[in-house]
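Have a look below at one chain only, the form predicted alone, in C-alpha cells format.
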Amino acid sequence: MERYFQPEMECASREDMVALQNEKLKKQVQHVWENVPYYRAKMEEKGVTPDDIQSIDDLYKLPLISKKDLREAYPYGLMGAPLRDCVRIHSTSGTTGKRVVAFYTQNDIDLWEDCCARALVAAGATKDDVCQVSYGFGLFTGGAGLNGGSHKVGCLTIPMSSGNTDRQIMFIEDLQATILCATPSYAAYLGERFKELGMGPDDIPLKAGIFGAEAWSEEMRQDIQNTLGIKAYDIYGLTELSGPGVSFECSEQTGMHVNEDHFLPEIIDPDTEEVLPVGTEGELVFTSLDKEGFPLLRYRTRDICVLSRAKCSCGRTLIKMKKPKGRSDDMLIIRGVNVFPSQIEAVLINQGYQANYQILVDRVNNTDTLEVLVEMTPEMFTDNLGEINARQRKIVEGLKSMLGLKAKVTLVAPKTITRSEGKAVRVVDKRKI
C-alpha cells in the first residue's frame, strides 16, 4: 500500500495546486524584485515588473537564468535574504574553479528536508526503518538532505557518508539497515563487496535504496536490485535549487514526481528558449517557489527530459519528469561530481600545456573512470620515463585539487591527438547510460 509524507500536497487536485502555485509565484517574484538587485536588473532589461506576473501562465515573461549568471553573481549577488537570516551554504563546482554557492535560511532547510522525507516515504520508509545515508556530507547536498529527510520520517539514521566500504557493510549487518541512500555506482560497489564476502540478497537486510547524483541506466537499476535484493528508487536535485528531493520516484518507477508546490517546472527549446508543451522533449527549467536564501526564477538546468501528467498508480498527482537523457551543455557527472572540460583545460594550461587533450570517461565494474590524454609540447617532449611520470603526477594532483576527483593522466607525444576542423571532440564518453 502506497504511503505519503504530506498527502495534502502529494495528492492535491490540479485546481488546488495551480491556485497555490499562483499565490506562491506572485509572492516570490515580489521577494526577488525587492531583495535580489541582480535579477531585478534582468527583469528591468526585459521590461517586466512584478505586476506583470499574476499567475503561472505569466511565467514565460520572466528572464531565464543560467549557471553563467551564478558565476557572475558569485558569491552574494543572487542572495535573497540578509546574511543574518541564512544559516548554511552548500556548494557545487563551477566551470572555472569558482564554485556555485547556495544559501539556506532555516525555513529553506525545513522545506528541503520535507521534500527528501517525501522521497523516503515513497520508497517505503517509516519510523520503524533504519536509514543508512552513504552520500557524502559537507558542501555536497546529498548527505545533509537525505539525513534531514530521514529524521523527519523518524527513521533511525546512520550518517555514514561515503567510503570505508567494509565499515558500511558492518553497520548494514549489525544495525539491520533497511534503507540505503547513495550514488548508484556506490550502491553497485557495495553489492559487489557483499558478493565477495559470500552474501546474497537473502543475507542483506536492506529493502530499498534511494540513488541519485549521477546518471544511471535501467540495466544498472536491475543489477543493483538483484544484487542487494532491494527496490531501487531514483531521486533528482540540484544544489542551485536546494539539493536532492526536487523530484523523486514512487513505486511505479516510471519517472520522478516533481515537488511542484516548491519547484515549478517548464520545458523549453534550448536553442530558441521557447516554452514547449508538456510531453515534449526539451531543456528542464525550474523556478523555486518559496526558497528564501537563494530564490532562483526560471533556472536553466541544462538537463534534457520530458514532463508527463499521465495518471500514476501510486495516487500522487504531482507532475512527473522522465529520467534526464543528457545535457544541453558539456558538463559531465562523474561519480556524483560535476566536471567541465574547461576545468581540466585550466589545469593543463596553468601547467604549461597547450589545449590539446582528450577526456575519456568509462564505467568499469559499475564505477565511473576518468582518464585525460595530454599532449606534451615539443619543448617538453622526452623519453625519460622518470620525468614523464613526475609530470603526470603533477597533473593528477592539479586535477584532484580542481575537481575533487582522482583522474588517470597519460602524457602523449606532440601531434598524436586527432585535430578537428570543426568543434574539437574533447570528450569520449563510453558509459552506456
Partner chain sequence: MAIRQISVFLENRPGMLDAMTGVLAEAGIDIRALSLAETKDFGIVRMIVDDVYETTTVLKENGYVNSLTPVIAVLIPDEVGGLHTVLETLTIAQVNVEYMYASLAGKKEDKAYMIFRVGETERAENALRRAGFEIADQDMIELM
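Residue numbers count along the first chain shown, from 1. We call the rigid core whatever largest set of C-alpha positions still superposes within 1.5 Å between the two forms. Bear in mind that the values here come from a model prediction, so they are computed numbers and not experimental data.
The protein also exists as the form predicted in complex with the partner chain; that form is not presented, and the subsequent description refers to it.
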Is it true that T382, L385 and L411 each have at least one non-hydrogen atom within 4.5 Å of the partner chain in the predicted complex?
yes
Within 4.5 Å, heavy atoms only, one stretch in 35-43, 393-401, 374-382, 58-66 touches the partner chain in the predicted complex. Which?
374-382
Among N389, T369, T49, Q54, just one has a heavy atom within 4.5 Å of the partner chain in the predicted complex, namely N389
My question is simply whether T416 lines the interface with the partner chain in the predicted complex - judged by any non-hydrogen atom within 4.5 Å.
yes
Shift of E44 between this form and the one not shown at or above 2 Å (CA, core fit)
no
Once both forms sit on the same rigid core, is the C-alpha displacement of R391 at or above 2 Å between this form and the one not shown?
yes
Tell me, please, whether between this form and the one not shown the C-alpha of K27 is shifted by 2 Å or more, with the rigid core used for superposition.
no
Kindly indicate if, in the predicted complex, the C-alpha atoms of V396 and G163 are closer or farther apart than in the structure shown, bearing in mind the change is 3 Å or more.
farther
L139 to E371, Cα distance in the predicted complex relative to here: closer or farther, by 3 Å or more?
farther
